[in-house]
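A lone chain, given as structure tokens: the form predicted alone.
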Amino acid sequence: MSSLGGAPWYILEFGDELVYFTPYTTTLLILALVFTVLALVSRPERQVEALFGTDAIYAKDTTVDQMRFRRFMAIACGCASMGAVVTGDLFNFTLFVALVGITNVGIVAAVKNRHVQNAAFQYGLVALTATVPLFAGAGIVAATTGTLSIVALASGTVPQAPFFARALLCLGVVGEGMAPFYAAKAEMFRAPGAPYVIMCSLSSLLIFLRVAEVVMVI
């Protein structure tokens, strides 16, 4: 761990679970926190569309109820991302990753657009399926090493996690929104209202950066 993410500055224990802060995880935490605050205080944009081949330009109106729900889901997505990047428990990491996938769908699910809702539904199916290898990977790690503590696994005091388990964790994260399944989100970006939609991309990036550290240290 000290060679990849830096030596832990602080480890906060909650019984068998823990949260740890290294230069790497703290940087990811700050990024997630900043964008969550921006989603909280920013006013959403009005989406403007132009008809191809004409001069017609019109703005799409989004109701207050839709924006209120999407703001809540964006904040929840940011909180889940913050939990995922600092947790020291592998099972909690998988829970936070699954929650990020759910909130990504929720950010756009309130938009009353047939194309957007159809894309959100399809992405939801992919994210739901991805939970199988995600939790299976954590389960195999627990069965083979006897612990889910990322700190213990990184210390070398317990057996190393099998390659197959780490591959399942990566596959689960890929299904939650990274390439190639990230293409399922493309139509979701037709939904009006930045910065809420931006949280979909940011959360996926943060989860990818964190799982890269996790699979390398366990």
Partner chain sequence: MIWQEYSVGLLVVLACGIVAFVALLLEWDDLHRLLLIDLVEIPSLGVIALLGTDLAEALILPGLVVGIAELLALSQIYLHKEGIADRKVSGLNIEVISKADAPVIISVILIVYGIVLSGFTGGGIAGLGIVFFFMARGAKEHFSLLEMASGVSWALWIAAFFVFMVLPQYWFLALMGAAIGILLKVTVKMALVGMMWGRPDE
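Numbering follows the first chain given and starts at 1. Worth saying up front: this structure is predicted, and the values here are computed from it rather than measured.
A second form of this protein, the form predicted together with the partner chain, is not displayed here; the remarks below concern that form.
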Open item on the list: Test of understanding: in the predicted bound form, would residue 72 fall inside 4.5 Å of the partner chain by heavy atoms?
Closed with: no
Open item on the list: When the contact criterion is heavy atoms within 4.5 Å, does residue 86 count as touching the partner chain in the predicted bound form?
Closed with: no
Open item on the list: How about residue 80 - does it come within 4.5 Å of the partner chain in the predicted bound form, if we only consider non-hydrogen atoms?
Closed with: no
- [ ] With heavy atoms only and a cut-off of 4.5 Å, decide whether residue 76 touches the partner chain in the predicted bound form.
- [x] no
Open item on the list: With the partner chain taken in the predicted bound form, which residues across 122-143 come within 4.5 angstroms through any non-hydrogen atom?
Closed with: 122, 124, 125, 127, 128, 129, 131, 132, 135, 136, 139, 140, 142, 143
